[in-house]
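The chain below stands alone and is given as structure tokens, in the form predicted alone.
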């Protein structure tokens, strides 16, 4: 074998071996492989998409208005704290409309307050509304920026939560300005996944106001669903700066769910912003899971100070306005650690730890669409796709053998190489195979056959002109080269456009088509050529079976 022919054979052989190694985990054969294979070689094959193995398709909408509302509330609180620290006199700071803040003050403080606001909150526009009143309005541009940022943060938070939940190959992307699409292939507990994604996860520590007479008037428990009625009953009696929050209580014997009301201070002494770790542990006394949380250095200092100042008082641990536990502080707690107990199941405790670690959503999200695709539909689709592919492949193989004889067999060999290398490449890129992806593979097979037909027809023309077999093969490949490259490059450009502007399954089709086109160039121009060269290198053929 000539040197040039040998390295081409070696290159093709190496590519095929690598493709098989990467694709093998996708086949049932992989289960029979020795243990060392999975530890040292690729063990993740092609992942099937939502349409093939079933799962969930969810569309969420981020409540950008709520994000703006929270930002204005935080700004008002920040201005109040800043003026207090700088000992600048003011009478009251309150919300004015959706994006406004109104400050009433003694007339001599006006200049100082304006200066503080201008230096620290450049996104607020200041308007005088009289001698002793200032109106601060959040700029429209800043409001839009907050909504945009809220969607981006929500996307990242959801991605972190799903990653920790352990779903393989989730598809999470943004749609329109404030919508997020989540596709979870193979999910077995849809409701748990929805609860995990949609939880706002705003963690707060608040002191209970047990000294107020209203606290003693609250019932020990109310039926689940009776919260609104109780809030309406106590609406005019709740002290300023307090609020009524509820703890969910489940009777272990009967399973009945009730709510226990508490009177709590509105102002949180600590929030989840200072959280550094959240993990599930088991309480050895009751054999129940609980969530252990740790704070950063700043949070640990605040927690130690607050617990030291409020010994024998109760502190509520609140997530999304629901009390999880309200223990009595027995002593100053140093070290920056706390426990969240709530009679959790193990999965509930795990999910709570996940959302706390992943961080809170910047704004509530509303579910717009929830489509669950059953695995049976996916299996039907796989069967239909495989059946169509097999029928098409057999028809093409037979046609090529009948019409081009030995050369047709060589072309079929190229198609076989094309499919093997393409599947290996998809596994290498850890791509997700969907129905459109299968369509891309079938289209690639068609293009592979088409390329070989172009080459064979050019060879036939050269043979009819009376050239030798060797010369006809050389001329056939040379003349067909530019035509094949042109058609493949234009297809590649189309696939690139589809990938850039398409979403979900369209992108999957574009990826499969792009890989198939590039591999097809390799197999048609080198794979079949090397076989012809091998045949003609042994002896001078007088006639070619084509």
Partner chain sequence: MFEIIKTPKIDFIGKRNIAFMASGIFIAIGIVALIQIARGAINLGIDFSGGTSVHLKFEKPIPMDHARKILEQSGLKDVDLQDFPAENKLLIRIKKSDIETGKVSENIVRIFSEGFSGTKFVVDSTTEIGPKIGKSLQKDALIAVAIATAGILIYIAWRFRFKFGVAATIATFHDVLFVLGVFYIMNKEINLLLITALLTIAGYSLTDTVVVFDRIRENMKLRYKEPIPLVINSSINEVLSRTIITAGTTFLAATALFFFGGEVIHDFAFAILIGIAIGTYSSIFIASPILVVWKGRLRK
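Between two forms, the rigid core is the largest collection of C-alphas that superpose within 1.5 Å. Residue numbers count along the first chain shown, from 1. Predicted model only: the values in this text are computed from it and were never measured.
Not on display, but discussed next: the form predicted together with the partner chain.
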Which of 102-110, 397-405, 128-136, 295-303 lies within 4.5 Å of the partner chain in the predicted complex, heavy atoms considered? The stretch 397-405
Is there a non-hydrogen atom of residue 449 within 4.5 angstroms of a non-hydrogen atom of the partner chain in the predicted complex?
-> yes
Is residue 453 close to the partner chain in the predicted complex, meaning a heavy atom pair under 4.5 Å apart or at it?
-> yes
Contact label in the predicted complex: residue 43 to the partner chain, heavy atom within 4.5 Å | no
Though only this chain appears here, would residue 92 touch the partner chain in the predicted complex if you measure heavy atom gaps against 4.5 Å?
-> no
Have a look at 53, 70, 47, 491 for me and say which one sits with a heavy atom within 4.5 Å of the partner chain in the predicted complex.
-> 491
The partner chain in the predicted complex has a heavy atom of only one listed residue within 4.5 Å, and of 218, 439, 420, 270 that residue is 439
Look at the candidate spot formed by 164, 328 and 340 and say whether the partner chain comes within 4.5 Å of a heavy atom in all three of them in the predicted complex.
-> no
Going by heavy atoms, what in 457-486 lies within 4.5 angstroms of the partner chain in the predicted complex?
-> 457, 458, 460, 461, 464, 479, 482, 483, 485, 486
Return yes or no for residue 407: a CA shift of at least 2 Å between this form and the one not shown, with the rigid core superposed?
-> yes
Does the C-alpha of residue 466 move 2 Å or more between this form and the one not shown once the rigid core is lined up?
-> yes
Residue 478: Cα shift of 2 Å or greater between this form and the one not shown (core-aligned) | yes
